[in-house]
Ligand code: NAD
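Just one chain is shown here, as structure tokens, and it is the form predicted alone.
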């Protein structure tokens, strides 16, 4: 197995070090062991950047900015589209590395590679479309030229749950805009980010345009917020991390774009197709073992439909295969580490102690000695969950479905909105007029109506309230890395001719 890890990494061009100036450089404040969360087996060692490494990387990104911003938009876009093609060509290897490092089933890892590549393709096309306008001037013989310009060096911070996709959203948009960037992937999943260095170089990205430095969060945060050359900080992470970065960014008035925590409601309307609801709910809830910021955190079901829904849910739940993501048929993998498992276990215990009901657990992974060291949590259904319970107020970030009953639709909407978070929501019902009316009332950034996965590269995604600032994807995503520049100028004239 260790040989396969080494073979994968070597085939993807990985070497020990941080990706700086188009090559792996030795350095780092510390070296960590990256392990497969399903088995506890070591995959590889990785270096984590320190303060000096970030200074070096930011120096290089700053120096490369002038050259990269001067490239024609179309030329920058071609680099990104070549990167998308290379990701498609290395799809299997990237997905296998992702599963070994993060734990998700290989089918979900393959889907993540495709999703990540779609952002390089999309922003490769958006780069060509990035344009300004001529605006009439109130004085005769003059006009305004209004155009987007890249903000400068961008600091990018991405999480461990979708390490490739979240990186692609930020990296592709920043590079398309003409920014250079320093990317800080999570220390729990550094490898799949680091192998993107050689891939992007092969796509034609000049050295220094993208530096990749896994690091501890506070180290990267201090490096980005203390350097005035960093003009934009884009984070996907917790709300508390967003607050800390925003406070630091105030020092140099850096632009911030944050996708933060969620507490997504999933509202089942009285006329919903329960077969479709059950199938989509299981798929959504157990994607990445529930470690998804947009997953269904609170499932609101009419009291009269709770029993019929469970009759459809339970057979699907019991049929799930929990295990190593590389094993055939696995649907639910491990949590990222033992601390995450402990947190989820604590939320479930609190709920049960407060009166929630344990409806179902799937412990099919237990008894397999190969998984004894893995950070698994059994997929669990809880009934009788109430709004005041911590499991309904916090992101669960685990394979736990919390069912909350409601009386009428206005009550469900009111309770769905009674949270400081507003990232995603879901509404299922046959009457589309009602479903869309409910969707319009939800205080979130994106709603899936009879759709469990509405996210695509073509649309803007982000939260409201405590769930974030700014948008990723769509034509809006590239604008997060642009300033608007206005030039007031005389209009061309033929003089006396």
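Numbering follows the first chain given and starts at 1. Since we're looking at a predicted model, the values are computed, not measured.
One more form of this protein exists, namely the form predicted in complex with the ligand; it is left out here, but the text below deals with it.
Think of it this way: in the predicted complex, the ligand has a heavy atom of just one of 54, 428, 65, 461 within 4.5 Å, and the residue is 461. Only one of 187, 96, 280, 306 lies close to the ligand in the predicted complex, with a heavy atom inside 4.5 Å, and it is 187.
Contact annotation: residue 122 falls outside 4.5 Å of the ligand in the predicted complex, judged by heavy atom distances. In the predicted complex, no heavy atom of residue 130 sits within 4.5 Å of the ligand.
Contact annotation for residue 138: none of its heavy atoms lies within 4.5 Å of the ligand in the predicted complex.
In the predicted complex, the ligand sits within 4.5 Å of a heavy atom belonging to residue 397.
With respect to the ligand in the predicted complex, the three residues 217, 259 and 262 uniformly fall within 4.5 angstroms at the level of their nearest heavy atom. Of the candidate stretches 160-168, 379-387, 77-85, 297-305, only 160-168 has residues with heavy atoms within 4.5 Å of the ligand in the predicted complex. Residues of 224-247 that come within 4.5 Å of the ligand in the predicted complex, judged by any heavy atom, are 235, 236, 237, 238, 241, 244, 245 in sequence order.
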